[in-house]
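The form predicted alone is given below as one chain in C-alpha cells.
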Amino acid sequence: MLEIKDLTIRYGNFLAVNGVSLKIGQGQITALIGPNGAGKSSIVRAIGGLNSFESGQVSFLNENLSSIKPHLRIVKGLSIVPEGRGLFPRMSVEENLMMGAYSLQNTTLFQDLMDRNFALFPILKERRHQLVGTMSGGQQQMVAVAVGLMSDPKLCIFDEPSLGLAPIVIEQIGEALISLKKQDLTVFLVEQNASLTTKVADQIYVLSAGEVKFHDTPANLMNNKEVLETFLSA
C-alpha cells in the first residue's frame, strides 16, 4: 500500500535518514521502532509531505507522492496522528472530530465515523462536549486517534502514540490498534515502546542512526539476541 525506496533526508550537513526502504502491506500493522533521534519522525513527515528529502521515493497506492500536496494526500486516504497530538485544546471533543473530517469526500459517512470512534473509545462519547485541553493525557491521545480516523483513511500513521502515557492507557491504545486492523484499516505504527510494538505489529522495521538495521516479524526479532538487547529492551 505504501512503499519507501532509498529515502535520504538531510538537515544541512546532518544526515538524518540514510537510504531507508520499507513496505507497508494492506491490512497489516507495520511498525517502525527506534530510539529518540533515530530518524523516525523525519520519515513520517516525508510521507506526509511536510519534509523535503534529498533522494528517494515515497509511493502510496502505486502513486509517487512527490508532486502531491500534503492536504491532497489526506484526500487520497493517507492520515497521520502526529507526535504531540496536534489538537485544538479550546475546542470540544466533538469539534475536534469535526475538524478531522474537513477533507471527507463522502459527507454521508460523517455520522458513521463519529459512531465508530465513540464505539472505539466510549469515554469520548461521554465527554463529547468537554474541552480537550481539560482532559487527561490519555484521553487526549484517544481524541487524537479519533481525529485521525475521521477522514476515513485507507492508511493511518501513528507517530509515538504511547509517549508519556500510563501503562493502562498504552494497553488501551494497543487494543484500539488491533481493533482498527480488524476493521481493515492499514496501520503504520512509529514507536519507541517495544512492548506495545511487539504485541500488535505484524512486521517491524528497526531503525538506528537513520538506517534500517533489522526487518522481521516480532517473534523472530524477539529471538534475536542483538535486537533484544539493543533495541527491544524497553
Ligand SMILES: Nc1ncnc2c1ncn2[C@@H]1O[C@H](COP(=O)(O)OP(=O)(O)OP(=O)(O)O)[C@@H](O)[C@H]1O
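One-based numbering along the sequence shown. Here the structure is a predicted model, which is why all the values come from computation and not from measurement.
Not pictured, yet referred to below: the form predicted in complex with the named molecule.
In the predicted bound form, residue 36 approaches the named molecule with a heavy atom inside 4.5 Å.
Contact between residue 95 and the named molecule in the predicted bound form is not found at the 4.5 Å heavy atom cutoff. Residue contact check for residue 16: one or more of its heavy atoms lie within 4.5 Å of the named molecule in the predicted bound form. Taking the partner from the other structure, the named molecule in the predicted bound form has no heavy atom within 4.5 Å of any heavy atom of residue 66. Stretch 37-45 is the answer when you ask which of 22-30, 164-172, 177-185, 37-45 has residues with heavy atoms within 4.5 Å of the named molecule in the predicted bound form. Heavy atoms closer than or equal to 4.5 Å to the named molecule in the predicted bound form belong, across 79-114, to one residue only: 83.
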